[in-house]
Ligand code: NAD
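The chain below stands alone and is given in structure tokens; this is the form predicted alone.
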Amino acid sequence: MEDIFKFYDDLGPTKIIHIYEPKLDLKAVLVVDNVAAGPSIGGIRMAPDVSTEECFRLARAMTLKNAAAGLAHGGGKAVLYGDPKIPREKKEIVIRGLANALRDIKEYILAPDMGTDEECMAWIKDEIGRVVGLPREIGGIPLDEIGATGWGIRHATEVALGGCDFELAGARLVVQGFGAVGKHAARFLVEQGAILVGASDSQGAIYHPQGLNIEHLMELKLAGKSVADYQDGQKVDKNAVIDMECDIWIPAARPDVIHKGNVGRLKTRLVVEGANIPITHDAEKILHQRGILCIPDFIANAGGVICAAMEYKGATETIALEAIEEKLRYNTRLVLNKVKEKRILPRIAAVDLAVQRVKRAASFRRWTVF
């Protein structure tokens, strides 16, 4: 059994809940990390190899992300053990079971993440009502459909380029994890003149130095196929995406894909973290030493949770997208200015920004809620 007490520090977590219902084949973990600013928002991640530790790290990332974005919400996360591609009928039973297990945890607002989507959120709404990321037909702002996280990544990237020696127009782009986040980040950046030269998913990767047709790639994904089914270019193993030479590299899949053992293989000039905790702290230090700018996850990928928070307040899609653009640009500039002023790692600057906001929020509460 994991030693859960190793996760605790001054900020949290306030709750770690293990859920097990063998009749439903339901095994899950919820971590409510910090609620100083308000009830936590965080997605439900479904994968066979999730863990309590991963859940805590993701929940902490949400605390920092929500604080950095200036939202009246704390951080939380749920992980659901299982294959997200199980039959729809079975998945619905599991998701509804999870919702009911969390019915009374009022300080956690459920949301989609890797392996769950708007349809899953609709099932949760039907059960308990406390959810965001809903389909448009029942009043939601569908995060994946509009590409809210990718929209934010585009704006963070544009601001980050102010600290680089190249422009977005003509920049070679590689996306690791061409899914709900990665494909939209690529789409928005290509619309601004970037050239997508490489992409990967769970089944393989494709590389073409003259550029990939992003519309064709998105059609393949919509049809349930892999980017490796793209008819032109060089097909390689999914892990070879790390070796693709580019100007902008966006990790948009699982945690810790870049670590001390493989960071030397990256051939890029700017990294914008689309996934949560995709690069270890040691690897980020090495990138910094090599002069490669790395925009931290909870700064760059906050678009989704900002959209979710706006939906929770009843905002329109247009207002949500405007809020994402404003907040992502402002926070990216704030972090980069602190990096330049104090000569520190971008993550250190970002964490300092977020933690100060959490502590400020806590100072207004009657009881200490760290």
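Fair warning: this is a prediction, and the values are worked out from it, not measured in the lab. In this text, the rigid core denotes the largest set of C-alpha atoms whose superposition between the two forms falls within 1.5 Å. Don't overthink the numbering: it's just position in the shown sequence, from 1.
The same protein also has a form predicted in complex with ligand NAD, omitted here; what follows describes it.
Of the residues given (Gly97, Pro209, Gly179, Gly82), Gly179 alone sits with a heavy atom within 4.5 Å of ligand NAD in the predicted complex. Put simply, of Lys267, His259, Lys221, Arg130 only one has a heavy atom within 4.5 Å of ligand NAD in the predicted complex, and it is Lys221.
Contact check for Met244: every heavy atom lies farther than 4.5 Å from ligand NAD in the predicted complex. Proximity of Arg187 to ligand NAD in the predicted complex: non-hydrogen atoms within 4.5 Å are absent; the residue sits far from the partner.
At least one heavy atom of Gly304 is located within 4.5 Å of ligand NAD in the predicted complex. Among residues of the shown chain, Leu217 is not one whose heavy atoms approach ligand NAD to within 4.5 Å in the predicted complex. For ligand NAD in the predicted complex, the listed stretch (287-295, 200-208, 118-126, 159-167) containing residues with heavy atoms inside 4.5 Å is 200-208.
Scanning 250-270 for heavy atoms within 4.5 Å of ligand NAD in the predicted complex gives Ala252, Ala253, Arg254 in sequence order. When two forms of a protein are overlaid on their rigid core, residues whose CA moves 2 Å or more are considered shifted, and Glu273 is not one of them between the shown form and the other one. With the core held fixed between the shown form and the other one, Pro112 has its Cα displaced by at least 2 Å. Shown in the overlay between the shown form and the other one, fitted on the rigid core, is a CA shift at Lys77 of 2 Å or greater.
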